[in-house]
Structure formats: structure tokens, C-alpha cells
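Two versions of one and the same chain are coming, encoded as C-alpha cells; call them structure 1 and structure 2.
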Structure 1
Amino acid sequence: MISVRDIHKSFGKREVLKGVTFEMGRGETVALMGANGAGKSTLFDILSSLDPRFSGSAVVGGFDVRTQPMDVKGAVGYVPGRFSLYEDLSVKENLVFFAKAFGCNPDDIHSLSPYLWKSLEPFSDIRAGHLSGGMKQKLAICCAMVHNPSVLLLDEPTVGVDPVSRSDMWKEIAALRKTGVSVLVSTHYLDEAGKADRILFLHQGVMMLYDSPEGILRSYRHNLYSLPCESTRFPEVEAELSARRGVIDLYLYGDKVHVITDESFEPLPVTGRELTRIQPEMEDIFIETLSSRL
């Protein structure tokens, strides 16, 4: 449902997307991850046909985003990072407005987005501007779904959202997957990314990883050790480990230090404390990827 080939995008002399290439199929959920400035929102603008000024190609829902923008808009539901609905209109009025824009029935939302609309419906007469952050995002997704799109683009829909609303959104995404809707969703939460079929990791416009969560965890290419360490003692630990052969990188991880090493490293005690060999988590994978590939 989405096919992207060698997309490059620049703002002046600053290139923000650098040869991004990926495909995602019908009913697939892909989590888009990366720090602020990685190019995530720029990619969303291109895929939703809002920005045709790029090189490369992108096909969404079977339509070329550059030459068939109106067809793309009919196939896509897009929720941008900033709340963009009408705050002076009520919940129901916003839904009706977008339904009429697409020539569809607003009452269909009961079946198209049942988890989110169930919690929104009691607030139908409340102005959108008076909703909580979580409720605003639920309304934005419902308005994006009202025309039954085949592709849903969600730009950080759970930022600043309460845990219950986050759970409701991911229940909805899981339900959409079963109906064949393809969902590309950007998130900073690793637990959310783990629920997707695949994770696309961008860093400064470069696609660093694209695989299933399980495949990404299996891709770890080095050894990883953990050492108990208070943050105040990190400089001391860093100085000792940096002088050892085989250390690739090290970083604070809660109340521990994680140490990336190659096979030449000898796990002798550090500042009198034992190192423990551990299995990497998703955050370790991203750190290792940046350490070894940039």
C-alpha cells in the first residue's frame, strides 16, 4: 500500500531525507522512529501528497503522490503532529464536516473506528477546543477514518497522551490491521514500536533500520555488558573502560552503564564491580546502530 523509492528532500542547502526506500503492504503496521529532526514529519507530508517538491517516487494506496494527489487524499487518512481540527466546532460537528467533505456518512464512524468513537461519543456536543489532549487525538483519528481510507498516516498521535488513551489508540490500530488498513505511525515510545509489524528507524534523514521488532533484536552485532553505576560515578567508569581494548561505546542506562564491545574485550571488574553479559533491548539496538554505522 506504500512504495517509496530513493526519496531525497531538501530545504535550501539542508537535506532532510537522504535516499529513503521502503515498502509496506496491505494491513501492515509500521512504526516510524527517530529523534526530532530525523525527517519523519517531512516524510508524512510527502506521503500525504502535501509536498510534491522531492526527488524519487512514492506510491500510496496505488496512486502516485506527485501526479495523482487527489486520489491519494481519498485513499489516505492523515493525522499531523499538530492538532488541526476546528476547535470552535463540537466533536460531532467536526466529524460531520469531514464526512461531508468526502461525501460519506458520519454515522459510519461507529464501525470504522469503534474503540475511539465509543469514548468520544459522550462528548459529541463539546467543543473540540475544550477536549483533553488524548480526546483531541482520538477525534483527529476518527475524522481521518470517516471516509474509510486504505492507508492511515499518524504523526506522533500519542505524544502527551494519557496511558488509557494510548491503549485505546493501539487497540484501534490493531483492529484496523485486521480490516486491511495499512498504518504508518511515528512514535517515541519503544513499547508502542514493539506492537508494529515492522520498525523504520530514521536518523538525520538516513534510513538506518527497517525490519520486524524481532528481526531488529536479532541484528545486534556486538557483545553487550551491564555494570551497576550511579550517575555521579560515570566519569570514573568511563575513563577506566575507555582505556580497555575492545570497548566500542558505553552509555548510562538508568542506574547502570551499558558497554558495547567486540570479541577482544575481557570482562574484568570495573571500579571493583562485576560486568554482566546481557541481551540487548530495542534502545540498545538503536544506540549500537548509531555507534557503528555513522
Structure 2
Amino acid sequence: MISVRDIHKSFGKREVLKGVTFEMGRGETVALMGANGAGKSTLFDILSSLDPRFSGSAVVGGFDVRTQPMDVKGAVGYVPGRFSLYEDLSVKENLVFFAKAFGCNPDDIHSLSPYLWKSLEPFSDIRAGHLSGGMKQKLAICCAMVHNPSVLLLDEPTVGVDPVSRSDMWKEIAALRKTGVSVLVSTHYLDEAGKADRILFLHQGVMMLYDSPEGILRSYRHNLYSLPCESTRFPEVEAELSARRGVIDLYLYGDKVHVITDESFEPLPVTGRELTRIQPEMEDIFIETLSSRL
């Protein structure tokens, strides 16, 4: 549904996308990972046909974003970053407005995204500005889907949203996937990425990884050890481990310390605590990927 080939994009002298290439199939959910400034929103603007000034090619929903922008707009639902609705209009008024602006019948809203609408319906007369962060994002997705698009672009729907609302949001995305909608969703929460079919990792405009979560987990090139450690004792543990042979990097991970090592490392206890060899999680992979660039 999305086919992107070697996209480069600059704002003046600053190059924000440095060669992005990927393919995404029907009904797939792809998580676009990256910190602020990684180029995520720029990529979304290009894919939604709003920004035709780039080099490379992009085909979305079967249409070229540069030559067939009108068809792309019909096939794509786009939820831009931050809150993109009218705070002084009620939930229902927002929906009716966008349905009409997209040339659709407002009465069809309920059937277009029944799962989302179910959770929004009790609030239909409340002003959008009074909704919680999670509900606002649900409403934004609803509004972007009024024309029944086959591709959905979600730019950071979980930013500033608490952990429970975030997991709700991913349940909504999973429900959309069942209806055959392809979803490209950006986030900087790594724990969310594992819920997607594939992960695209963008770092300062460079595509670092594009693979399924399993594939990414298998790509870990070093050994990873873990030992329990309160954050206050980290300097002590760091001092002792840094002196050991085979330690590449170490960092806090919740209530533990994770140690990246090579084969020469001997897992002897540190400050009296046992080291355990563990399987890396998504976050470990990204830290390894980023450290290797340093």
C-alpha cells in the first residue's frame, strides 16, 4: 500500500531525510520509530501528498504522491502531529464537519469506524477541548477516517498520553488492522513498537532498521547481561564493570542494569550480585544501534 524509494528531503541546507526506502503491504501496521527531529513528520507530509518537494519516489494506495495527489488524498487518512481538531466544537460537530468537508454523508460516521465511535459516543456533545488526551486522539483518528481510507497515517498519536490510554490506542489500531486498513504510526515509545507488524527506525533522517519485531530482536550482535541495581548504586556498579574486559556499554534499565558485552566477558558477580544472561528487548536493540554509531 505504501512504496517509498530513496526519499531525500532538505529544508534549506538541513537535510532531514537521507534516503528512506521501504515497502508496506495491505493491512500491515508499521511503527515509525524515532526521537523528536528524526524526520517522522516530514515523511508523513510527503506520504500524504501535502509536500511534493522531495527527491525519490513515493506511491501510496497505488497512486504517485506527486502526480496523483487527489487520488492519494482519497486513499489516505492523515492524523497530523499534536491535536488537530477544533477545540470549540463538540465531538459530534467535529465529526460532522470533517465528514462534510471530505464530501461524505455525516450519517455514515458510525459505520465507518464502529470500534472508535463506540468509545466516543457517550461524549458526543462535549467540546473537544475538554476531552482527555487519549480521547482527543481517538476523535482525531475518527475524523481522519470519515472518507473510509485504505491507508492511515498517524503522527505520534500517543505523545503526552498516559500509559493506560496508550495501550488503549494500540487496541484501536489492532482493531483497524482487522478491517484491512494499512497503518503507519509514528511513536517514540519503544514498548509500543513491538505491537506492530514491522518497525521502521529513523534516526536523524537515516533509516537505521526496517524489519519485523522478531527479526529486529534477532539482529542483536552482542551478549546482554542483567543485574539488579537501584539507580542510586549505579555509579558504583558502573565503576566496577567499566574496568572489566569485554564490557562495551552499560545502562540503567528499570530497576536493573543491562551490560552489553562481547565474547571475552566473564560474568562474575558485581558488588556481590549475580549477572544473568538475558534476551535483549526492543529498547536494548535501539541502544545498541545508536551506540554503534557513536
Partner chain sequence: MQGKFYMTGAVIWKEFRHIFRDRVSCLILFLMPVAILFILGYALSFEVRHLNIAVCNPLHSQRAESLFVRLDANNRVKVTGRIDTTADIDKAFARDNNRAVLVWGEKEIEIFVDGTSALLGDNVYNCVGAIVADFITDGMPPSVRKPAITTRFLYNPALKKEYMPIPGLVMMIFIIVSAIVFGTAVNREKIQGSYKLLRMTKLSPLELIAGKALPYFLISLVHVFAVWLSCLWFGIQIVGNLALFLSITALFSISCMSLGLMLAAWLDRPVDLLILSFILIFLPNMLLSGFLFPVSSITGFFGAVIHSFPGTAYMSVFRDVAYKGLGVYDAWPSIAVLFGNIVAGVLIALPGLNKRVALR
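Treat the numbers as computed from the prediction; the structure is a model and nothing was measured. Between two forms, the rigid core is defined as the largest C-alpha subset superposing within 1.5 Å. When a residue number appears, read it as a position in the sequence of structure 1, where counting begins at 1.
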{"property": "Of the two forms shown alone, the one predicted in complex with the partner chain", "result": "2"}
{"property": "Among 218, 70, 164, 178, the one marking the hinge of the rigid-body motion between structure 1 and structure 2", "result": "218"}
{"property": "Smaller rigid part, angle turned between structure 1 and structure 2 (C-alpha superposition) in °", "result": "13"}
{"property": "Core-aligned Cα shift of residue 229 between structure 1 and structure 2, given in Å", "result": "5.1"}
{"property": "Residue 168: CA movement between structure 1 and structure 2 [superposed on rigid core, Å]", "result": "2.9"}
